[in-house]
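Take a look at this single chain in structure tokens; it is the form predicted alone.
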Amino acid sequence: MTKSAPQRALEKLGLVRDIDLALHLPLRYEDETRITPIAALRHGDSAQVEGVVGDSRVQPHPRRQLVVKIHDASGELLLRFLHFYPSHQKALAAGARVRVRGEARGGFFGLEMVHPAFKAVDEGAPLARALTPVYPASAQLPQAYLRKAVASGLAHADLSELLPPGTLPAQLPTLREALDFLHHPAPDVGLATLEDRSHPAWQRLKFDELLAQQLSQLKAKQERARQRAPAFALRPGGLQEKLLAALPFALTEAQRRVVEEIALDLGRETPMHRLLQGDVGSGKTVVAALAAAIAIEAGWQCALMAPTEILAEQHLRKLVGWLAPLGITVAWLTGSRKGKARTQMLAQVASGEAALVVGTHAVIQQQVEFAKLGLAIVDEQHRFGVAQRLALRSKLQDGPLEPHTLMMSATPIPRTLAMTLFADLDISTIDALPPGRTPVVTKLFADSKRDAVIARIRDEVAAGRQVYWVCPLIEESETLDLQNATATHQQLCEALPGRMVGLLHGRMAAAEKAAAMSLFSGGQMGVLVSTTVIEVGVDVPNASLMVIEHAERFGLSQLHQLRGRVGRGAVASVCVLLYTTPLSQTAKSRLKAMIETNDGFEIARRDLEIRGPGEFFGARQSGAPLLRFADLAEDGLLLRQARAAAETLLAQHPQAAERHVARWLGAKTDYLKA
């Protein structure tokens, strides 16, 4: 049987089960419980009035519109419809009694409502007894249809109490009471408590949502603890010690601490599932190399996957430099690697000759077969989509033993986010930068000061230093983005005669990108004009100036990542944020944060405040809006209560825990494993 457009729209919104509909809560409410006399209306009031149509006509000029006059005992009101159908004219014919709801505005002929909602009524018809819900919808889903579907879901959903006594925080209503109230609140309820979600009914839903999320994460962690992985013993005088001795620098205390944490995990027979987080430039790659050395010495392979070719190639260059002198073969796999070279690499991976495999998502393609994969390292893991991370996990689960997994992120995770989206992970933090790093000074310039910025670039290049100039990637128009980068490249070429100015963007062939990066890394190129392809992984110690054009268009985390491309040597470095006015409040908040702090953890905290958890790690969230109701910035207490309750439930009431997760997450629990 063919589904109607509204039915298909319901499914698209994920409203499939009765419980899904019951949990589809209103965006706002309309008050149809009272009638306001027309004479009592004031400009800007949103109200419901009732009156009789005195006059209704189509007015052809200045544009065709339906103009209707209604009156009650107190006065007269004009209704104006710029878009209308014959059914409107019929329902609003002279003599009809109608209830009209909308915003009153001052017009040329007195107060009027433009495109109000209306319905025909009999005199003395009863008023609504509760506020009318307005639900999140789509173009194919009329409110009337959605209200009926939600009411049906609410009536038929199993809303019985699943949680044992003592699990809930005190004074929260039952789930049935909370949902009945939120779908149809009484007219005398304080709207403020509904809008800020502080009402006990909202608190109950937030708690249940956080509890389901915590249960699923802790359950995933328990399941992993039952799996088996190869245990790698750390041998005195082995490959890791040889690598440490060969490095041209000493590890920081923070790096040594996380290396020890990872070594302990690798020595166990349960698979490591650890997130290594550290600010930009804190030295995560060398930690990954030391982890790989333990697995390789034990006779197993290691795979390192990065989201972009540029980042993967940076890792490759460093890892080959450190490991090749120790006799380790490193394979290189990306989408651009074709023909005989690719076939040869695949053979090295399949035979086990390549002990370390570095690449992009090409590493998890079907034709890639590992002889003996023992450790998978995923860099900037949040930038992979959910489907890619699930594919990686299924690729790894091959045979009785599961490889260890180390995920790395240069976007530090605020504590509340770590307790929710990453509750199933063990987290290691590199909380100190290597010695010799000079803090980057961040300066703000309006675009009108562009010439002064170019003069500063001229000075830097004359002194033998190098400069990045980053142009924004505008999703709606990549063409505009490339024109912008190209125009800037041309302008800088003219302003810096005799100096090499390079151009780098995502549409260039891999060989062209590699050539541009090689010239810049080697010091021959003074200025590199680029889009955000250089956001992560690029390491050129001689680069001392970063200019970010249209900085107001970038996210806070992205601005911090870009700033981290400079300040990697001993020379004092500067990041210039060029902006155009007017600035939105969000853009002002971002730029203010960049000026005030270089601390990645503080940047992450402010980013979470500005954007909310749904966007902070957008890729992890895609496919599963796991936190629709709770707000991590506001609901820290509820989160801690939910975490404690989750641990008790799993230990003492596992069946209740399972039913609670099924009610709230349905089939979405897989996304939590990504």
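Counting begins at 1, following the sequence as shown. Values in this document were obtained by computation on a predicted structure and should not be read as measured data.
Although not depicted, the form predicted together with adenosine-5'-diphosphate (ADP) is the subject of the following passage.
Exercise. Looking at 244-252, 219-227, 112-120, 301-309, which one sits within 4.5 Å of adenosine-5'-diphosphate (ADP) in the predicted bound form if you count heavy atoms only?
Worked result: It is the stretch 244-252.
Exercise. Which residue, G153, G283, G502, P133, has a heavy atom that falls within 4.5 Å of adenosine-5'-diphosphate (ADP) in the predicted bound form?
Worked result: By the 4.5 Å criterion, the partner-contacting residue is G283.
Problem set entry | Interface residue in the predicted bound form among D279, D208, D265, E313, criterion: non-hydrogen atom within 4.5 angstroms of adenosine-5'-diphosphate (ADP) | The residue from D279, D208, D265, E313 that makes the contact is D279.
For this session: Answer for K513 alone: is it within 4.5 Å of adenosine-5'-diphosphate (ADP) in the predicted bound form, judged on heavy atom distances?
Result: No.
For this session: Flag D539 as yes or no: does it have a non-hydrogen atom within 4.5 angstroms of any non-hydrogen atom of adenosine-5'-diphosphate (ADP) in the predicted bound form?
Result: Looking in the predicted bound form, residue contacts with adenosine-5'-diphosphate (ADP) include D539, since a heavy atom lies within 4.5 Å.
For this session: Using the partner position in the predicted bound form, report whether R235 sits within 4.5 Å of adenosine-5'-diphosphate (ADP), counting heavy atoms only.
Result: Looking in the predicted bound form, residue contacts with adenosine-5'-diphosphate (ADP) do not include R235, since no heavy atom lies within 4.5 Å.
For this session: Flag R101 as yes or no: does it have a non-hydrogen atom within 4.5 angstroms of any non-hydrogen atom of adenosine-5'-diphosphate (ADP) in the predicted bound form?
Result: R101: no, not in contact with adenosine-5'-diphosphate (ADP) in the predicted bound form.
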